[in-house]
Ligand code: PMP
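Listed next as structure tokens is one chain, alone, in the form predicted alone.
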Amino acid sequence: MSEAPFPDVCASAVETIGHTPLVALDRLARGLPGRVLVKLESFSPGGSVKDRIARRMIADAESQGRLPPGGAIVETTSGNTGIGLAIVAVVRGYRFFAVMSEGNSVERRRILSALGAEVVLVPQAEGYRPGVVSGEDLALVEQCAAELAAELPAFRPNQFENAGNVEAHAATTGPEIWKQTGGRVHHWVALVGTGGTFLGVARFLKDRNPGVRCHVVEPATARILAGQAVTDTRHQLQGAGYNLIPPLWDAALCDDCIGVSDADAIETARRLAREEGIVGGFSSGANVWAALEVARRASDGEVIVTVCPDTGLKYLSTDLFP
């Protein structure tokens, strides 16, 4: 006789993805006309916003017959998407290969290994340093992943071109923000790598209220979406600013572009920990810095929402926290 299910027990870690808290940064934004709220994606099981797209891309592949039972998955990743995919893969019985640059933080590769993923490290392009993953590094990672997927063979989620990347956020992150704020959102601010988080949330919010302004965040030296010359892709905002326009990009959803320097992102991440008790990574620092800039020029009472994509605990081997 089977036992009745517990009403508040999840069947697996996959079911805990999403429904993350939205927190007011009233200490960092003290005295500013706008109020800054941040979505803490570290509360998902893989500790990042990428858990959402991992679940969606694998579910789509299963329903489309592109991923057979017990099959293999290969994905290029700076670490977070790979961690999300590793969680879903282990629960659903797939073999997972994470192809990543040696420049990404060591914590991410160790988490991947702990989850049973097979980590394939790709040497960096000549002249680049650990902790700084360039567009040239990404090209080498992509070449390696394509060759491995063909050799196995394996399913490639291909987060840069997979529509599920955007749809996951339009179906979950956007509605959560709308519900948590009671629909009182005036600005959405997010760093763009693959574009999934920014585009999915922007699409949902603008569908609900076309007046919501959506601000792209880019590394100050790699502002391709702002139409500026890329001067250096060797920045510390891992997973963004690769000197390419994301294949899924929709310029109609972008109202403004904000450039953030490494120094500003790092200092803001440190302040976020010291003043708000939130330990975020480089991207969290960049997003919050940009959101504070929007809050400075906002009208009184306007609400600015951004996201902490992951936890700073994945960057303890870097110079983020001295």
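In this text, residue numbers run from 1 along the sequence as written. Quantities reported herein were computed from a predicted structural model and do not represent experimental measurements.
Below, we refer to the form predicted in complex with this ligand, which is not included among the displayed structures.
Colleague: Classify Asn162 as contacting or not contacting this ligand in the model of the complex by the rule of any non-hydrogen atom within 4.5 angstroms, answering yes or no.
Modeller: Although this ligand is absent here, Asn162 would stay clear of it in the model of the complex, with no heavy atoms inside 4.5 Å.
Colleague: According to a 4.5 angstroms non-hydrogen atom cut-off, is Gly82 in contact with this ligand in the model of the complex?
Modeller: Contact with this ligand, no.
Colleague: Would Gly195 count as touching this ligand in the model of the complex under a 4.5 Å heavy atom rule?
Modeller: Yes, Gly195 lies within 4.5 Å of this ligand in the model of the complex.
Colleague: Would you check, heavy atoms only and a 4.5 Å threshold, whether Tyr94 touches this ligand in the model of the complex?
Modeller: Although this ligand is absent here, Tyr94 would stay clear of it in the model of the complex, with no heavy atoms inside 4.5 Å.
Colleague: Using a 4.5 Å heavy atom cut-off, indicate which stretch of 206-214, 171-179, 225-233, 238-246 touches this ligand in the model of the complex.
Modeller: Residues of 238-246 come within 4.5 Å of the partner.
Colleague: Which residue among Leu191, Val74, Ala86, Met100 has a heavy atom within 4.5 angstroms of this ligand in the model of the complex?
Modeller: Result of the distance check: Leu191.
Colleague: For 42-71: residues with a non-hydrogen atom within 4.5 angstroms of this ligand in the model of the complex?
Modeller: Stretch hits: a single one, Lys50.
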